[in-house]
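Only one chain is included here, represented as structure tokens and corresponding to the form predicted alone.
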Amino acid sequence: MMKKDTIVALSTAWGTGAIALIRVSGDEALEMTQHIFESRKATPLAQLNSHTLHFGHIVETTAENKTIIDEVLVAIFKKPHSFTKENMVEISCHASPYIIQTILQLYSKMGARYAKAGEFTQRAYLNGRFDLAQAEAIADLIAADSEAAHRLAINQLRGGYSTTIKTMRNDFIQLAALLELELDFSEEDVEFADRTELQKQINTLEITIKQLAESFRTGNALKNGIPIAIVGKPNAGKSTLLNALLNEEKAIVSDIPGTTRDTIEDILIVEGIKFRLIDTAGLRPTNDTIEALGIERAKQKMNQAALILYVIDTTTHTITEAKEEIQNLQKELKNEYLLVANKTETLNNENLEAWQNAFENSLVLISAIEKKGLENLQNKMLEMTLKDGFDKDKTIVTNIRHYESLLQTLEALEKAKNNIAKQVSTELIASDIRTAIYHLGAIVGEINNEDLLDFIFSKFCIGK
């Protein structure tokens, strides 16, 4: 096996802090560390047990003297029982930029190379630690900022998603093997793969792949946040609602109509689900150029949102006027909406009941200024955006690269089905199946494409 460079990197963030972690991986990781690490134990690091922790000092030795750089803990991981399946060392030192830089330079002088972004994980993948989909899940796990995103990343990292893909790919390989066998006996006109049965098997696999591809919309939203646009007429209380949901003064609130002239976005976590709330400019005819641009952006956000919260001011609108506004909204948009009747603190019980009866389940009554009805609103947001519920253990696609590969797989299957129906040559059908196998393999890394790997791991942080 060709000898790989020994790589080194800071795995924690630069900046002020108590402790920093420096990682080293490669054939010479233990030997290099031995040259700069001193402890009371005389036993060389290479002879110590794997997965052990050792206290001592990092020292810089020159011809003139020996300088203690820092008091550290050194963790040893011997191949193949390490993250990269190579010899690894992790040094916990104080987070002084001077200390960190000095330690990195000491390794560099001994021939270690500064790691590229994601290179530790890339080595782990190339050494068979996990497949490509699981490797990508590590980046998602680091970036997860909600319970739902965390759970999706954990599930993918544990390999459930990969198992589904690999099982389907193996099924395709069996189909391809039968077709290839036919090609070997083409002169004898033998049919090993019954075409009717072949169609059935392709249809069954196609259903599973479609379900995975369709899950991307939910998965992408859960990972990046479900977009919710807050829209309505000026002074309906949109900004007050945003502030109330976030429990902070995010948006400027004023009695002057048209205060919000651009979109304001922030994150709200509800029961582990991440929502991206978007406050927009009030919808009304205007000659103000800047306000008109804000209204145009509001309409763009409305079209991009998974759900529109249309806020109505119950102190200035009758039920009839509210219905007219909703009808006009429905003409412009296909997105789902929820009517949010605001400023209900001014209404009596009879009026509240009239509003509720007029719109039934498509209405939520709130008082943004008094923060009443917000829990009901949040429950409704969950209900309308996650209609099928969120099964934390269900396989859901969150990666755009995987989604595109699934679509390309479906395209190859559609061609295969059409060719079977047309009774074309076995060679064309086999080619379509091989294409499907290729695209499924791209998800878990069963194909070797150096450019693809470089692109994927370049998105990781340094030291991971």
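Being a predicted model, the structure only gives us computed values, none of them experimental. In case it trips you up, residue 1 is the first one in the sequence shown, and so on.
The protein also exists as the form predicted in complex with a further copy of the same chain; that form is not presented, and the subsequent description refers to it.
Residues placing heavy atoms within 4.5 Å of a further copy of the same chain in the predicted bound form fall in a single listed stretch, namely 150-158, out of 360-368, 150-158, 218-226, 317-325. At a distance threshold of 4.5 angstroms between non-hydrogen atoms, Leu428 is out of contact with a further copy of the same chain in the predicted bound form. Although the partner is absent from this view, Ser96 contacts a further copy of the same chain in the predicted bound form, with a non-hydrogen atom inside 4.5 angstroms.
Put simply, Ile138 is close to a further copy of the same chain in the predicted bound form: some heavy atom of it is within 4.5 Å. By the criterion of a heavy atom within 4.5 Å, Ser146 is counted among the residues contacting a further copy of the same chain in the predicted bound form. This chain is displayed alone, yet in the predicted bound form one of Trp355, Phe77, Tyr107, Tyr310 has a heavy atom within 4.5 Å of a further copy of the same chain; that residue is Phe77.
Note on contacts: among Glu332, Glu71, Glu197, Glu345, the single residue with a heavy atom within 4.5 Å of a further copy of the same chain in the predicted bound form is Glu71. In sequence order, Ala18, Ile19, Leu21, Arg23 are the residues of 18-36 having a heavy atom within 4.5 Å of a further copy of the same chain in the predicted bound form; the partner itself is omitted from this view.
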